[in-house]
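To begin, one chain is listed below as structure tokens, in the form predicted alone.
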Amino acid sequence: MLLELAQSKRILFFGGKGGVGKTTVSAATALAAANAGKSVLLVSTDPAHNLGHLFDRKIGSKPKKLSAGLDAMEMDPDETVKKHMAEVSNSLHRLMPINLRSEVDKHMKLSKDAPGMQEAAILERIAEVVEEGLKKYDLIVFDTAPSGHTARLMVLPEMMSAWTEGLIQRREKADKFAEIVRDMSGDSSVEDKVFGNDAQDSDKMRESGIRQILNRRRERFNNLRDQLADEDETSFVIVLAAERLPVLETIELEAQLQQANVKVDCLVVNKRSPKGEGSFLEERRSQEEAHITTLSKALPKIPRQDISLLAKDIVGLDALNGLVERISK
């Protein structure tokens, strides 16, 4: 099932409860697609930076070649927020009068630690990666942070699109008001009192610049929202363990994704206890079957793929290729 999705989709998101093996499964799927001849970008949005640990090499915030056809990158939340704030601050500096720049800097400093700022910055980075990555790669695979963070991230495109649309509408109203004042004033004195001492042309340039920034952000968020909802190109895979809490969290995550118009096309039950390996594992497997029954009753229409527990940790390309052979069967 995983390999079918990797062959038929342009974007795959992997999510689920922490510690169930999302990074390993997403990396193996990306590697399998690369081995099959696709150009693939594997992206981690998880602050834990597990991709580097998995491949046993340093992976930074820019695409790095790991094997033929496979590049990878790790989004650094702090770096992403810092870059996001710098871009916003530079844009505001260009658009606002010089005498207001200190106020802009003060506002940006306070905004840095505002609730939701990290999510908004990462979302914009994801939108940027999708926008640019689809031009260069056949497939983009996202290894996301644990369920709660991912669920919030998936609903943000719709929220940010609506919020940006509201800003644009308010900006347009302000622009119309400015035009009325100009028409009524007949000279620059009234306009200077309302808009400051900048020249009329400078005001128009700022208004145009603000609209350009807002329109660009709106287009980027709208594109990401539409891409997430495009079932022909985008799929979401939930990885879980056959245990009570991961199963319950999976059911909740699927409902949240459904509300965000994101379709779950596959459930991967990872680390299944193998058959015929002694009474302890047989008892364990029996308990797993009870939890999987709960999962199947709650989400009967979503295809499922099981991956057996391995005796050793998976580290490096050779070990990952071994897992690729397992998920290919």
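What you see is a predicted model, and the numbers here were worked out from it, not measured in a lab. We number the residues from 1 along the sequence you see.
Missing here is the form predicted together with a small molecule; even so, the following discussion is about that form.
>> Does the small molecule, in the predicted complex, lie within 4.5 angstroms of each residue among Ala6, Lys301 and Arg304, using heavy atoms as the measure?
In response: No, because Ala6, Lys301 and Arg304 lack any heavy atom that approaches the small molecule to within 4.5 Å in the predicted complex.
>> If we define contact as a non-hydrogen atom of the residue within 4.5 angstroms of the partner, is Lys271 a contact of the small molecule in the predicted complex?
In response: Yes, Lys271 lies within 4.5 Å of the small molecule in the predicted complex.
> Can you check whether Arg10 is within 4.5 Å of the small molecule in the predicted complex, heavy atom basis?
Replying inline: No, Arg10 sits far enough from the small molecule in the predicted complex that none of its heavy atoms falls within 4.5 Å.
>> Can you tell me if Ser308 lies within 4.5 angstroms of the small molecule in the predicted complex, counting non-hydrogen atoms only?
In response: Taking the distances in the predicted complex, the answer for Ser308 is yes, it comes within 4.5 Å of the small molecule.
> So in the predicted complex, does any heavy atom of Leu317 sit within 4.5 Å of the small molecule?
Replying inline: Flag for Leu317 set to no.
>> At 4.5 Å between heavy atoms, only one of the stretches 57-65, 33-41, 288-296, 263-271 reaches the small molecule in the predicted complex; which one is it?
In response: Selected range: 263-271.
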